[in-house]
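Single chain ahead, by itself, as structure tokens, in the form predicted on its own.
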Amino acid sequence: MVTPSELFRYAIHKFRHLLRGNGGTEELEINRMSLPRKLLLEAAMIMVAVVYVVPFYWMVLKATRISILANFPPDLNPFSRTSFNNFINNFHQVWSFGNFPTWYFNSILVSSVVVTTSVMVGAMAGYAFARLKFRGRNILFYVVLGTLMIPFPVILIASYVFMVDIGWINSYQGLILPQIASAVNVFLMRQYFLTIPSEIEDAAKIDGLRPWQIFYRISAPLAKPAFAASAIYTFIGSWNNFLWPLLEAQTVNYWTLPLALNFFKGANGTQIYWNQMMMADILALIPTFIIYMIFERYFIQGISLTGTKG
């Protein structure tokens, strides 16, 4: 029986070797299938890939056009009214729109700080739940998991009032603080630390290392895949966050990219410039794509190993 994780790993495996141009095989259950079943499975994956790729293709295509309006039916011909000069012109118009460089910098700054602090806090909390023995550990862990069932809009007003009381409205710390705590990171890190043999840490204790030294010198370096998976999830969530910056950032100087992109959709009451909107979307997509491509190997390994122990 082919599991979804096996299917995902196989797709990533094929894509990586296609980019690198080398052979190599990975011993997966899919590779032991009969030829007709394997061809059928690969055809299904190609169809799914097309469904996902077409919107990105249309986005890039539209970013190279000079027309501000969407065509119906859509023109998917890459050689129709497309030129590199149009692409550069759209980029220049988007980058000079309002305070777009400042908004881009704000998103990078907020997301970077959120990822760094949230992953570290989640890793330390996950390690404590996995290795340290204290009264009420399991109950507290279930309470942390229970927060996953609370939608953010439920605590939105309380968070906003708290920021008003401490004077952090319209500030970078106000944008960052509510995004640091993440039960998902705590869960992922705890599950991964449970997969690390406890004998390694027992040997470190015999050598006289304290718990925090064991964490930073032994456990954390071994948990790179879990760190990568948590970092990618956290970055995507912070980079795409729209609701909280909408309330927190009350002046344009503290806007992030999701708020800026909303202007290109005509939220300011003007004409929708589809070519510039698509160019802005491409610029917003670049950091996420780069981070995933850098940490892709660790990300797949982290997802495949977390959850193997309870």
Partner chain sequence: MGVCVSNLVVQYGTTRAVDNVSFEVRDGEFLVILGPSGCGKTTILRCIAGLVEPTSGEITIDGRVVNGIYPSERNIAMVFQNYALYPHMTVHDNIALNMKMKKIPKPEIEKRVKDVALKLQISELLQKKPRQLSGGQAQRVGLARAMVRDPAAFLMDEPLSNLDAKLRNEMRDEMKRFQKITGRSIVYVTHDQIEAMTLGDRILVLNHGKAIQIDEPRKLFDEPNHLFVAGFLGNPPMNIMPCDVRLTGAGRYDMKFGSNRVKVEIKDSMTPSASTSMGFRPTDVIISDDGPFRASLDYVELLGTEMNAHFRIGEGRFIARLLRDSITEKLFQTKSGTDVSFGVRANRIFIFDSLSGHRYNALLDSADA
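Positions refer to the first chain, counted from 1. Predicted model only: the values in this text are computed from it and were never measured.
Just so it is clear, the following notes concern the form predicted in complex with the partner chain, a form of the same protein that is not shown.
Checked against the partner chain in the model of the complex, the candidates 209, 124, 144, 194 yield a single residue with a heavy atom inside 4.5 Å, and that residue is 209. Think of it this way: in the model of the complex, the partner chain has a heavy atom of just one of 180, 130, 214, 183 within 4.5 Å, and the residue is 214.
When contacts are judged by a 4.5 Å heavy atom cut-off, residue 167 does not count as touching the partner chain in the model of the complex. Among heavy atoms of residue 205, some come within 4.5 Å of the partner chain in the model of the complex.
Shown alone here, residue 222 lies within 4.5 Å of the partner chain in the model of the complex, counting heavy atoms only. Among heavy atoms of residue 200, some come within 4.5 Å of the partner chain in the model of the complex.
The chain is drawn here without the partner chain; in the model of the complex, the stretch among 229-237, 214-222, 92-100, 150-158 whose residues come within 4.5 Å of it by any heavy atom is 214-222.
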